[in-house]
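Have a look below at one chain only, the form predicted on its own, in C-alpha coordinates format.
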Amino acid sequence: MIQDVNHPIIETHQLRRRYGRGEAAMDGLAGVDLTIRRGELVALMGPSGSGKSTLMQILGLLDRPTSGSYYLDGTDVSRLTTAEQAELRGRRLGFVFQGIYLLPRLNAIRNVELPMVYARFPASERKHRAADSLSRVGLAELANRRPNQLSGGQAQRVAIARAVAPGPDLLLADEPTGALDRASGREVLSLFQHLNDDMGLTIVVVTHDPLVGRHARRIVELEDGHVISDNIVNEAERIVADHPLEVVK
(Lines give C-alpha, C1' and ligand atoms only; values in the text may rest on other atoms or scores of the structure.)
Protein backbone atom coordinates (compact mmCIF):
# COMPACT_ATOMS: atom_id res chain seq x y z
CA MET A 1 0.00 0.00 0.00
CA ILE A 2 1.64 3.22 -1.16
CA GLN A 3 0.71 6.27 0.84
CA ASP A 4 1.57 9.95 0.58
CA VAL A 5 2.51 10.68 4.18
CA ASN A 6 2.08 14.41 3.61
CA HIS A 7 -1.57 14.07 2.63
CA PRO A 8 -4.11 14.41 5.46
CA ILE A 9 -6.56 11.54 5.66
CA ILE A 10 -8.43 13.20 8.56
CA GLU A 11 -9.11 16.90 8.97
CA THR A 12 -11.59 18.31 11.46
CA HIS A 13 -12.38 21.98 12.01
CA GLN A 14 -14.19 23.16 15.14
CA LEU A 15 -15.91 19.80 15.45
CA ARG A 16 -18.70 19.86 18.04
CA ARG A 17 -21.09 17.23 19.31
CA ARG A 18 -23.82 18.34 21.71
CA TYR A 19 -26.15 15.99 23.54
CA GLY A 20 -29.52 17.08 24.91
CA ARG A 21 -31.14 20.50 24.84
CA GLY A 22 -31.46 23.58 26.99
CA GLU A 23 -29.86 23.67 30.40
CA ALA A 24 -29.32 19.91 30.33
CA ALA A 25 -27.26 20.03 27.12
CA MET A 26 -23.70 18.72 27.29
CA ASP A 27 -20.83 18.98 24.84
CA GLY A 28 -19.20 15.65 24.00
CA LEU A 29 -16.86 17.58 21.71
CA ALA A 30 -16.34 21.31 22.10
CA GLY A 31 -14.52 22.49 18.98
CA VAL A 32 -11.90 19.93 17.97
CA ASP A 33 -9.32 20.79 15.32
CA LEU A 34 -7.35 17.71 14.30
CA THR A 35 -5.24 16.67 11.33
CA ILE A 36 -3.98 13.12 10.86
CA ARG A 37 -1.81 12.32 7.87
CA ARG A 38 -1.60 9.09 5.96
CA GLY A 39 0.65 6.48 7.51
CA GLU A 40 0.40 7.80 11.07
CA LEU A 41 -0.21 5.64 14.15
CA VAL A 42 -2.06 7.90 16.59
CA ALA A 43 -3.40 7.28 20.09
CA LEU A 44 -6.42 9.32 21.24
CA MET A 45 -6.16 9.43 25.01
CA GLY A 46 -8.07 10.84 27.93
CA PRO A 47 -10.18 9.85 30.94
CA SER A 48 -13.77 8.65 30.74
CA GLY A 49 -15.95 11.48 29.44
CA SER A 50 -13.09 13.28 27.73
CA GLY A 51 -14.66 12.96 24.27
CA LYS A 52 -12.27 10.46 22.74
CA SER A 53 -14.92 7.82 21.98
CA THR A 54 -17.30 10.50 20.69
CA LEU A 55 -14.57 11.68 18.33
CA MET A 56 -13.92 8.09 17.23
CA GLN A 57 -17.62 7.61 16.46
CA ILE A 58 -17.65 10.69 14.24
CA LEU A 59 -14.37 9.79 12.51
CA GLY A 60 -15.85 6.36 11.80
CA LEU A 61 -19.04 7.84 10.30
CA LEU A 62 -21.06 6.19 13.04
CA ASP A 63 -22.33 9.56 14.31
CA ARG A 64 -22.65 13.08 12.94
CA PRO A 65 -21.28 16.24 14.54
CA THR A 66 -23.64 18.95 15.71
CA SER A 67 -21.48 21.52 13.95
CA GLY A 68 -18.04 21.92 12.41
CA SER A 69 -16.57 20.00 9.50
CA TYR A 70 -14.90 16.65 8.94
CA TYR A 71 -12.95 15.87 5.79
CA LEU A 72 -12.06 12.24 5.14
CA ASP A 73 -9.31 12.02 2.55
CA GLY A 74 -10.40 15.41 1.20
CA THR A 75 -14.13 14.63 1.11
CA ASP A 76 -16.49 16.72 3.23
CA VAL A 77 -18.46 13.81 4.63
CA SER A 78 -21.13 16.07 6.13
CA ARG A 79 -22.40 16.60 2.58
CA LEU A 80 -22.90 12.89 1.99
CA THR A 81 -26.20 11.10 2.43
CA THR A 82 -26.56 8.34 5.01
CA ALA A 83 -26.30 5.75 2.22
CA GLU A 84 -23.17 7.39 0.80
CA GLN A 85 -21.59 7.47 4.24
CA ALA A 86 -22.38 3.77 4.72
CA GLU A 87 -20.76 2.95 1.38
CA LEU A 88 -17.68 4.99 2.29
CA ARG A 89 -17.52 3.38 5.72
CA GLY A 90 -17.68 -0.13 4.28
CA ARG A 91 -15.01 0.45 1.66
CA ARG A 92 -12.56 2.87 3.27
CA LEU A 93 -12.70 2.27 7.03
CA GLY A 94 -11.87 -0.68 9.26
CA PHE A 95 -12.98 -1.04 12.90
CA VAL A 96 -11.65 -2.92 15.91
CA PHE A 97 -13.55 -2.75 19.20
CA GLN A 98 -13.00 -3.84 22.79
CA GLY A 99 -15.92 -6.22 22.33
CA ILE A 100 -14.62 -8.53 19.62
CA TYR A 101 -18.02 -9.39 18.11
CA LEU A 102 -17.13 -12.53 16.19
CA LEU A 103 -20.15 -14.60 15.17
CA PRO A 104 -19.97 -17.83 17.20
CA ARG A 105 -21.41 -20.08 14.47
CA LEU A 106 -18.83 -19.02 11.87
CA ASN A 107 -15.21 -20.13 11.76
CA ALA A 108 -12.39 -17.59 11.66
CA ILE A 109 -12.14 -17.25 7.90
CA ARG A 110 -15.90 -16.87 7.48
CA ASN A 111 -15.91 -14.16 10.16
CA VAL A 112 -13.17 -12.33 8.26
CA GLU A 113 -15.18 -12.60 5.02
CA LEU A 114 -18.38 -11.22 6.53
CA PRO A 115 -17.92 -7.45 6.03
CA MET A 116 -16.87 -8.10 2.45
CA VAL A 117 -20.16 -9.93 1.89
CA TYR A 118 -22.04 -6.79 2.95
CA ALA A 119 -19.71 -4.67 0.79
CA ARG A 120 -20.51 -6.95 -2.19
CA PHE A 121 -17.01 -8.17 -2.92
CA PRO A 122 -16.99 -11.08 -5.41
CA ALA A 123 -16.83 -14.47 -3.65
CA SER A 124 -13.40 -15.40 -5.06
CA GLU A 125 -11.94 -12.06 -3.96
CA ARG A 126 -13.46 -12.40 -0.48
CA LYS A 127 -11.86 -15.79 0.04
CA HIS A 128 -8.46 -14.62 -1.20
CA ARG A 129 -8.50 -11.47 0.92
CA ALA A 130 -9.69 -13.33 4.03
CA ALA A 131 -6.97 -15.97 3.75
CA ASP A 132 -4.29 -13.33 3.14
CA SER A 133 -5.51 -11.24 6.06
CA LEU A 134 -5.45 -14.17 8.49
CA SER A 135 -1.93 -14.91 7.33
CA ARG A 136 -0.91 -11.30 8.04
CA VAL A 137 -2.03 -11.64 11.66
CA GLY A 138 -0.28 -15.00 12.05
CA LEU A 139 -3.41 -17.17 12.20
CA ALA A 140 -3.54 -18.93 8.83
CA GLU A 141 -3.46 -22.33 10.53
CA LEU A 142 -6.51 -21.45 12.66
CA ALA A 143 -8.76 -20.42 9.78
CA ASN A 144 -11.28 -23.21 10.44
CA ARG A 145 -11.60 -22.69 14.19
CA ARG A 146 -14.69 -21.12 15.70
CA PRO A 147 -14.45 -18.27 18.21
CA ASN A 148 -14.94 -20.59 21.23
CA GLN A 149 -11.83 -22.47 20.10
CA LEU A 150 -9.67 -19.34 20.18
CA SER A 151 -7.96 -17.50 23.03
CA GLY A 152 -8.95 -13.89 23.67
CA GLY A 153 -5.84 -12.62 21.93
CA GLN A 154 -6.38 -14.89 18.94
CA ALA A 155 -10.01 -13.78 18.65
CA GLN A 156 -8.97 -10.12 18.66
CA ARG A 157 -6.41 -10.83 15.95
CA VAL A 158 -9.18 -12.43 13.87
CA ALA A 159 -11.19 -9.23 14.42
CA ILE A 160 -8.20 -7.21 13.19
CA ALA A 161 -7.92 -9.49 10.15
CA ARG A 162 -11.62 -8.87 9.51
CA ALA A 163 -11.07 -5.11 9.72
CA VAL A 164 -8.12 -4.97 7.32
CA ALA A 165 -9.24 -7.60 4.78
CA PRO A 166 -11.29 -5.16 2.62
CA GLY A 167 -8.19 -2.95 2.27
CA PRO A 168 -9.27 0.13 4.24
CA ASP A 169 -7.38 3.41 4.16
CA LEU A 170 -7.95 3.96 7.87
CA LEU A 171 -8.19 1.58 10.83
CA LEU A 172 -10.05 2.82 13.92
CA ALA A 173 -9.56 0.87 17.15
CA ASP A 174 -11.59 1.64 20.28
CA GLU A 175 -9.93 0.24 23.45
CA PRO A 176 -8.75 -2.82 21.47
CA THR A 177 -6.81 -4.29 24.41
CA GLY A 178 -9.35 -3.47 27.13
CA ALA A 179 -10.68 -7.04 27.45
CA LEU A 180 -7.29 -8.76 27.08
CA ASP A 181 -4.57 -9.76 29.51
CA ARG A 182 -1.28 -7.88 29.26
CA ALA A 183 0.49 -10.49 27.12
CA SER A 184 -2.36 -10.69 24.59
CA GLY A 185 -2.64 -6.91 24.60
CA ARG A 186 1.05 -6.58 23.73
CA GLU A 187 0.55 -8.99 20.82
CA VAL A 188 -2.28 -6.85 19.45
CA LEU A 189 -0.28 -3.63 19.82
CA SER A 190 2.73 -5.21 18.13
CA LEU A 191 0.46 -6.25 15.30
CA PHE A 192 -0.79 -2.67 14.89
CA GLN A 193 2.83 -1.54 14.65
CA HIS A 194 3.49 -4.17 11.99
CA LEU A 195 0.45 -3.10 9.95
CA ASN A 196 1.52 0.53 10.26
CA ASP A 197 5.21 -0.03 9.48
CA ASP A 198 4.95 -2.66 6.74
CA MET A 199 1.63 -1.75 5.08
CA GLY A 200 1.62 1.97 5.76
CA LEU A 201 -1.88 1.61 7.20
CA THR A 202 -3.12 4.70 9.04
CA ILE A 203 -4.28 3.66 12.52
CA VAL A 204 -6.09 5.64 15.22
CA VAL A 205 -6.39 3.95 18.62
CA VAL A 206 -8.65 5.18 21.42
CA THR A 207 -7.30 4.27 24.85
CA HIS A 208 -7.12 5.44 28.44
CA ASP A 209 -3.99 3.33 29.07
CA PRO A 210 -0.67 5.24 28.85
CA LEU A 211 1.14 1.96 28.11
CA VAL A 212 -1.00 1.51 24.99
CA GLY A 213 -0.32 5.09 23.98
CA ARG A 214 3.41 4.50 24.11
CA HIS A 215 3.09 2.00 21.25
CA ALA A 216 1.89 4.85 19.01
CA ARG A 217 3.97 7.46 17.23
CA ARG A 218 1.77 10.34 18.32
CA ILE A 219 -0.53 10.97 21.28
CA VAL A 220 -3.51 13.34 21.10
CA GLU A 221 -4.97 13.94 24.56
CA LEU A 222 -8.55 15.09 25.13
CA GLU A 223 -10.27 16.52 28.17
CA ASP A 224 -13.84 17.81 28.46
CA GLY A 225 -14.28 17.67 24.69
CA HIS A 226 -11.13 19.67 23.93
CA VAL A 227 -7.72 18.66 22.57
CA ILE A 228 -5.34 19.65 25.36
CA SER A 229 -2.11 18.22 23.94
CA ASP A 230 -0.82 16.77 20.68
CA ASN A 231 2.69 15.33 20.81
CA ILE A 232 5.00 13.02 18.91
CA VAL A 233 6.07 10.10 21.11
CA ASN A 234 9.74 10.33 21.99
CA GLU A 235 11.50 7.40 20.31
CA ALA A 236 13.40 6.75 23.53
CA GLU A 237 10.07 6.25 25.33
CA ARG A 238 8.15 4.49 22.58
CA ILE A 239 7.55 0.78 23.03
CA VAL A 240 8.50 -0.97 19.81
CA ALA A 241 8.33 -4.72 19.17
CA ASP A 242 11.68 -5.96 17.83
CA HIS A 243 10.06 -8.89 16.02
CA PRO A 244 6.31 -8.22 15.77
CA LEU A 245 5.58 -11.18 13.51
CA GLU A 246 7.26 -13.59 15.90
CA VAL A 247 4.92 -12.42 18.64
CA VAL A 248 1.80 -13.36 16.72
CA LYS A 249 2.76 -16.74 15.29
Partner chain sequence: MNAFSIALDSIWAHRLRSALTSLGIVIGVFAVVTLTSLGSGVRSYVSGQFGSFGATLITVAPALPHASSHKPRFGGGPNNNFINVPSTLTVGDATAISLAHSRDISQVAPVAVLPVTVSPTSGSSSGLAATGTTASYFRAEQLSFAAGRFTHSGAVLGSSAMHTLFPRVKDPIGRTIYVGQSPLPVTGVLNSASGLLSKAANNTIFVYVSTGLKISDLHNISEILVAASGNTQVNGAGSVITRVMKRRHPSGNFTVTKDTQILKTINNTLSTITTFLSGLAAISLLVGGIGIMNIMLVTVTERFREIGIRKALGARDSDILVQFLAESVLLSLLGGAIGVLLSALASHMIGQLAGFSAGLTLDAVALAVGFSLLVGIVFGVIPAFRAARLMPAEALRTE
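All values reported here derive from a predicted model rather than from experimental measurement. Residue numbers count along the first chain shown, from 1. Heads up, when I say rigid core I mean the largest set of C-alphas that superpose within 1.5 Å between the two forms.
One more form of this protein should be noted, the form predicted together with the partner chain, which is absent from this view; the next part is about it.
Chemist: Using heavy atoms only and a 4.5 Å cut-off, decide whether all three of 13, 37 and 157 touch the partner chain in the predicted bound form.
Modeler: Not one of the three qualifies.
Chemist: If we take heavy atoms and a 4.5 Å cut-off, which stretch out of 198 to 206, 28 to 36, 216 to 224, 63 to 71 is in contact with the partner chain in the predicted bound form?
Modeler: That would be stretch 63 to 71.
Chemist: Between the options 129, 136, 145, 89, which residue brings a heavy atom to within 4.5 Å of the partner chain in the predicted bound form?
Modeler: The residue in contact is 89.
Chemist: Identify which of 150, 170, 114, 77 has a heavy atom within 4.5 Å of the partner chain in the predicted bound form; exactly one of them does.
Modeler: Exactly one residue meets the criterion: 114.
Chemist: According to a 4.5 angstroms non-hydrogen atom cut-off, is residue 190 in contact with the partner chain in the predicted bound form?
Modeler: Residue-level check for residue 190: no, no contact with the partner chain.
Chemist: Taking heavy atoms and a 4.5 Å cut-off, does residue 57 contact the partner chain in the predicted bound form?
Modeler: Yes, residue 57 is a contact residue.
Chemist: Since only the chain is shown here, I'm wondering whether residue 124 would be in contact with the partner chain in the predicted bound form (any heavy atom pair within 4.5 Å).
Modeler: Answer no; every heavy atom of residue 124 is more than 4.5 Å from the partner chain in the predicted bound form.
Chemist: Would residue 106 sit within 4.5 Å of the partner chain in the predicted bound form, counting heavy atoms only?
Modeler: Although the partner chain is absent here, residue 106 would touch it in the predicted bound form, with heavy atoms inside 4.5 Å.
Chemist: Using a 4.5 Å cut-off on any heavy atom, which residues of 88 to 104 would contact the partner chain in the predicted bound form?
Modeler: Contacts from 88 to 104: 89, 90, 95, 97, 100, 101, 102, 103.
Chemist: Using a superposition on the rigid core, decide whether the Cα position of residue 146 changes by 2 angstroms or more between the shown form and the other one.
Modeler: Yes, shifts by 2 Å or more.
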